[in-house]
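For reference, the chain that follows is the form predicted alone, supplied as structure tokens.
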Amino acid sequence: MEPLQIIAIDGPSGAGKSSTAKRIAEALHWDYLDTGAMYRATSLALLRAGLGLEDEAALMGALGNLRLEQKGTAIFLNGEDVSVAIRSPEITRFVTPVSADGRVRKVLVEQQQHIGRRGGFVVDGRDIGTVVFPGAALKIYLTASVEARAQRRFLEQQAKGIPMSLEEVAADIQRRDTADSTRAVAPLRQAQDAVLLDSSDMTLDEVVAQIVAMWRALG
């Protein structure tokens, strides 16, 4: 089977996956598929409906009514632009158990695979190269030290006016690392054929240039 024309970027929270993926998509004139935002939007929908993960019938009903769209870098939930709302600390806390739930993942992975069949996508997440697109032509495992990731996320939160201290951000990243790597369904791990790239001491431009060069070297 021919490899999918997809660049899959996996890695822990705060490693710069989304920023990198968006820039690569621009450089290659491809589309960026924001799977993380899809899980965040799903979390927002469940919170708004007052639903947890305990009531299976209600959960499956809510998942069946989800209408997620991506336009540019904006994510829409049932026609509403929720790009800012899904980045709140409340959603950040709730998205870990939601994204680890097998029922949620089954629904969203099927949607993502359907979208990705035509190729020409850069996709980032935690199980893109291992579960969602195991046939991706290029897989990257992008990581960085906890300190570097916390500093980056802290500056992002400040720019958005979200009040979190550097210590809170670092603690949240460590909590998510543990949860993502130990969850029962699709845990965070490096695919065997993924290229490991540590961005701790690299600029965004350097990371993007290196991955674009890898892709072009494939011919």
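Just so you know, these numbers come straight off a predicted model, no measurement behind them. Note that residue numbering begins at 1 and tracks the sequence as displayed.
Although it is not shown, the form predicted in complex with a small molecule is what the next lines describe.
Contact between D172 and the small molecule in the predicted complex is not found at the 4.5 Å heavy atom cutoff. The small molecule is not shown here, and in the predicted complex it never comes within 4.5 Å of any heavy atom of T143. Interface residue remark: V95 is counted as part of the site for the small molecule in the predicted complex, having a heavy atom within 4.5 Å. Put simply, R149 is far from the small molecule in the predicted complex: not one heavy atom of it is within 4.5 Å. At a distance of at most 4.5 angstroms from the small molecule in the predicted complex, none of the three residues H114, K139 and R189 contributes a non-hydrogen atom.
None of 53 to 61, 66 to 74, 28 to 36, 157 to 165 except one has non-hydrogen atoms within 4.5 angstroms of the small molecule in the predicted complex; the exception is 28 to 36.
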